[in-house]
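The chain below stands alone and is given in structure tokens; this is the form predicted on its own.
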Amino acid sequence: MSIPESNGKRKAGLGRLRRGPRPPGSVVVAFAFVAVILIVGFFGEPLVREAARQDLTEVSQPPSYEHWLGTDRFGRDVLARMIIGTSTALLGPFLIAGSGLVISALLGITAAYLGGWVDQVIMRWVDFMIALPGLLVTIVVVSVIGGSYGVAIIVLSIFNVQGDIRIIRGAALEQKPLPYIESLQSLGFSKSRIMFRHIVPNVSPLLVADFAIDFSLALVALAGLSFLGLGSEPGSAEWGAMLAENQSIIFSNAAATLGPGFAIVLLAVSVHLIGDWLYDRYSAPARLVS
């Protein structure tokens, strides 16, 4: 039995290959930067752990050949600490964005396809959560419970997903009346198979774009919480915490503050650029490679 395809063609999801224009230079640079960050996050920490140790004879030193970004007020190498904090900078936003991708796909497509009371329950919950000031609630919860990085991730994940559900629901509603859905229904395919085997691939470019936006926003939010002394342990090599700690030495070693700040901005912008480019490339009708 043949399975009908979307709009009479094969699915246009990210799993299908097609020729297209090469990415612009800014996206190539973004890919390269993210690749470097991933390599550093996975393999960099064991290589620089010794360099990050405290040395009170090298306090607040400006950049030099030995310390490329100088040292902080405890004599620790700033670049080495940034490398150690890279895995934390990647893990938290990835968990928040990943949970948003999975939950928005499950609830958004379910609400759109089933409709009725299921749609009403899901969307009224979404409306209620959107009405709450997510970041403010996160600050209050983390302050009351304690400055736990895990708690910050959980609370931000809860408040992050609401907008994504609305967006994916809208995209799924556009798919629902298309002929391929009617054909699948007439052939007796189950609702779950139609939703998650056929609708999901056709909204996958939007899911990827949402993931990139969520990652960037989560990175900035977690850094902001750490800057306020929330969500990270005191003295930890977290980029936001390093920003706060190194404010006092900005005139003796500005790189100690600018380094983590630029890392946060560049990573957020790079992921955002990649997500936008992937959406633009794969959301158009696919041109399949024969």
Partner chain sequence: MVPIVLFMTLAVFLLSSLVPGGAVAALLEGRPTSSAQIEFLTAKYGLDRPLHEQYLSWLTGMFRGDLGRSFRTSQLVTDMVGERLGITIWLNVMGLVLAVAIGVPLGVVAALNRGSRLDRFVVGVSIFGSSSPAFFVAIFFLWLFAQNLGWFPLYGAGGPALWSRLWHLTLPGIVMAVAPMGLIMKVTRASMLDEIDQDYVAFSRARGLRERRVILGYGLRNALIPILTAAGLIFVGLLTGTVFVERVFGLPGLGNMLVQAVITSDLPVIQGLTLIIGTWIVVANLIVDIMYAVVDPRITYDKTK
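We call the rigid core whatever largest set of C-alpha positions still superposes within 1.5 Å between the two forms. Positions refer to the first chain, counted from 1. Worth saying up front: this structure is predicted, and the values here are computed from it rather than measured.
The following text describes the form predicted together with its partner chain, which does not appear among the structures shown.
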Should Ile264 be classed as touching its partner chain in the predicted complex when contacts are defined as heavy atoms within 4.5 Å?
-> yes
Answer with yes or no whether Trp117 is in contact with its partner chain in the predicted complex, where contact means some heavy atom within 4.5 Å.
-> no
State yes or no: in the predicted complex, is some non-hydrogen atom of Ser143 no more than 4.5 angstroms from a non-hydrogen atom of its partner chain?
-> yes
Going by a heavy atom distance of 4.5 Å, is Gly41 a contact of its partner chain in the predicted complex?
-> no
In the predicted complex, which of 239-247, 59-67, 33-41, 46-54 comes within 4.5 Å of its partner chain (heavy atoms)?
-> 239-247
Does each of Gly85, Leu91 and Ile154 have at least one heavy atom within 4.5 Å of its partner chain in the predicted complex?
-> no
Identify, from the list Ile103, Leu79, Leu135, Ile158, the residue with a heavy atom within 4.5 Å of its partner chain in the predicted complex.
-> Leu135
Using heavy atoms only and a 4.5 Å cut-off, determine which of Leu95, Leu173, Ile167, Val220 is in contact with its partner chain in the predicted complex.
-> Val220
Enumerate the residues of 244-258 that have a non-hydrogen atom within 4.5 Å of its partner chain in the predicted complex, in sequence order, or give none.
-> Gln247, Ile250, Phe251, Ala254, Thr257, Leu258
Is_shifted Val102 between this form and the one not shown (CA, 2 Å cut-off, rigid core) = no
Against the rigid core, is the Cα displacement of Leu114 between this form and the one not shown at least 2 Å?
-> no
